[in-house]
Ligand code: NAD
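Next up: a single chain in structure tokens, the form predicted on its own.
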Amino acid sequence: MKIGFIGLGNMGKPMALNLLKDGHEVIGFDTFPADLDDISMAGSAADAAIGADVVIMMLPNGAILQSVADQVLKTMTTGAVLLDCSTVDLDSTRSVAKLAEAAGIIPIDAPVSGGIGGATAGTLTFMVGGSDEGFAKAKSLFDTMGQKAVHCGASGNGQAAKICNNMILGATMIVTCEAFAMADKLGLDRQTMFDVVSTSSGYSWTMNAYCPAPGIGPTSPSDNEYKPGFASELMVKDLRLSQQAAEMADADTPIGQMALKLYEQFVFDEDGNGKDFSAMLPRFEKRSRR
């Protein structure tokens, strides 16, 4: 396929490179291009979309998404797919979908899970919202960039699934870190704690796959001085999106609200900015109950 790829940052660049390696023609655009290896670059987002079978966007927020969509929809070919892999608010996602449909373009929202490592390895999970036709047209690209793509329903449902998933992720990481810090104070060895919890009812992704305790479980950012796989400030972004969605849907999410408050405190009032979201563990190690 001919693919326009808008947004070649930490996530977008390795995704685009995997498509290039799979034999697709990739034309990229980014407002701050770094070392982009063999990716051919256009002079604008609109130019990158000309003649593309699929235009992929990986952008930081809803306002930028809507601005870029306004540009590329004017130059895209009727029947092409606008594939948005950004994690943004639901209103922006659904607004862009309506504009695309009105322009004769097939909209797909497909935010990802798996971080920079998953983008590089081609093992991302895509949560996909949009039509059956759009999902079918993009399926081979999902297979190249990831290991799984779940069709979640109509436009916006991919974004909704990502928001719900990351609310669980943020809250689960907090309680995992709390439990390790409490285990330390109770005199329980961390490896023993892991061996018990990872095979018991406390099993979770944050414990088993991304353990916040250095030297315990599979290698994770905790083993690299908490340099981000997934930065704490990005968790703040996603938890804010979850609470915006909860407000819109009139959903009661007290744990999600508390997780947001704790990560905001960690990032803006403490030393969490620029650290992995699992760096909550050393935070709790330093704190007492009062």
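When you see a residue number, it is the position in the sequence shown, counting from 1. Quick caveat, the model's predicted, so the values are computed rather than measured.
There is another form of this protein, the form predicted in complex with nicotinamide-adenine-dinucleotide, and it is not shown here; the text below is about that form.
Contact with nicotinamide-adenine-dinucleotide in the model of the complex, defined as a heavy atom within 4.5 Å, is made by none of Gly156, Ala160 and Ala246. Considering nicotinamide-adenine-dinucleotide in the model of the complex, the lone stretch of 278-286, 263-271, 5-13, 19-27 in range is 5-13 [heavy atom distance within 4.5 Å]. Distance criterion of 4.5 Å from any heavy atom to nicotinamide-adenine-dinucleotide in the model of the complex singles out Leu234 from the list Ile50, Leu234, Met258, Ala42. None of the heavy atoms of Ala183 is located within 4.5 Å of nicotinamide-adenine-dinucleotide in the model of the complex. A residue is said to contact a partner when one of its heavy atoms sits within 4.5 Å of a partner heavy atom; Ala121 fails this definition for nicotinamide-adenine-dinucleotide in the model of the complex, lying far away. Proximity of Ile56 to nicotinamide-adenine-dinucleotide in the model of the complex: non-hydrogen atoms within 4.5 Å are absent; the residue sits far from the partner. Among heavy atoms of Asn224, none comes within 4.5 Å of nicotinamide-adenine-dinucleotide in the model of the complex. In the model of the complex, nicotinamide-adenine-dinucleotide lies within 4.5 angstroms of at least one heavy atom of each of the following residues of 79-107: Ser86, Thr87, in sequence order.
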